[in-house]
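The data below hold one chain only, encoded as structure tokens and taken in the form predicted alone.
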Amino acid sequence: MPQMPSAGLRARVALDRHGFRTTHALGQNFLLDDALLARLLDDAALAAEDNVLEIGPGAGVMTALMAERARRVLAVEVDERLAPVLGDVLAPCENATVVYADFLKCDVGALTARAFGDAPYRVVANLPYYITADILLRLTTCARRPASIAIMVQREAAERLLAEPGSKQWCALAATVRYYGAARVLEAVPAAAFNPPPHVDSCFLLIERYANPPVRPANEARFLRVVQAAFAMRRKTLVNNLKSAFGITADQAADVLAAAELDGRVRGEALTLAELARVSDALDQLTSR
């Protein structure tokens, strides 16, 4: 019996057969190298019992390789022009399903519940870089959060995501991700590995969700709003940002900072997660009066 062509070869043949041309506006930079992708999936430590959500499968090479390793793979693709390509590449993969939709408009809980039931899931994705921040914010704050997120990001984005509190790169996204889980770079990936090559080098990043969050604010939804407010206007003091975000007076905002044992002149980007949690809890006390 002839051996099945590799996923990478199937993808190259399918892209050519269907005359597919990538669209720069959709951030389509595909990974077609089976060996590279297999190594990245080794790094991500996918197991046979894992359910995997993939956002932006592209030509489907990583999708096919994950289907060989995991229990089930659900891929969400915005570009329906890829349907014939993915149909060819994923034909042997009975446990892989593609949904054609804009992930940012999907209900993550409903989407994953339909695919995986109540079982936990992991995210593995080569994301279009222009929506990296939006995707990460959605995944790390939704009601049904993944057990881990392994994604390809621009090298500069990885540096921001790994930033320490008080550093120049410390931002709302870094703080939100740090609240969700521990992040580390698994592998650097050069631009030449992609088809077509992007203008930047990349990093494959793993974020593993904490069993116990590093801080426990009394009201998580308010805490996440405080994180966004703290970095909304970086040159403004936190008093001003709290006023704008929560519709309170300057005196009330000052009282919140005093209750959180913080200097009234502090800027949001200088705060740690623990300090942001204290601000959130102090706001709760103010609004409950």
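As the structure is a prediction and not an experimental result, all values here were calculated from the model. For every residue, the number given is its place in the sequence shown, counted from 1.
Below, we refer to the form predicted together with ligand SAM, which is not included among the displayed structures.
TODO: Would you confirm whether the three residues T176, G181 and F223 all fall within 4.5 Å of ligand SAM in the predicted complex, going by non-hydrogen atoms?
DONE: Not one of the three qualifies.
TODO: State the residue from L136, I151, L82, L161 whose non-hydrogen atoms include one within 4.5 Å of ligand SAM in the predicted complex.
DONE: None of the other options qualify; the answer is L82.
Open item on the list: Can you work out which of Q228, N51, T237, N29 has a heavy atom no more than 4.5 Å from ligand SAM in the predicted complex?
Closed with: Partner contact (heavy atom, 4.5 Å) among the options: N29.
Open item on the list: At 4.5 Å between heavy atoms, only one of the stretches 167-175, 140-148, 120-128, 87-95 reaches ligand SAM in the predicted complex; which one is it?
Closed with: Only one stretch passes the 4.5 Å heavy-atom test: 120-128.
Open item on the list: So, F103 and ligand SAM: in the predicted complex, are they within 4.5 Å at any heavy atom pair?
Closed with: Taking the distances in the predicted complex, the answer for F103 is yes, it comes within 4.5 Å of ligand SAM.
Open item on the list: Residue-level question: is A115 within 4.5 Å of ligand SAM in the predicted complex, judged on heavy atoms?
Closed with: So A115 does not count as contacting ligand SAM.
Open item on the list: Given that ligand SAM is not shown alongside this chain, does V78 nevertheless sit within 4.5 Å of it in the predicted complex, heavy atom to heavy atom?
Closed with: Result yes; V78 sits at the interface with ligand SAM in the predicted complex.
Open item on the list: If we define contact as a non-hydrogen atom of the residue within 4.5 angstroms of the partner, is I55 a contact of ligand SAM in the predicted complex?
Closed with: Close contact exists here: in the predicted complex, I55 approaches ligand SAM to within 4.5 Å, heavy atoms only.
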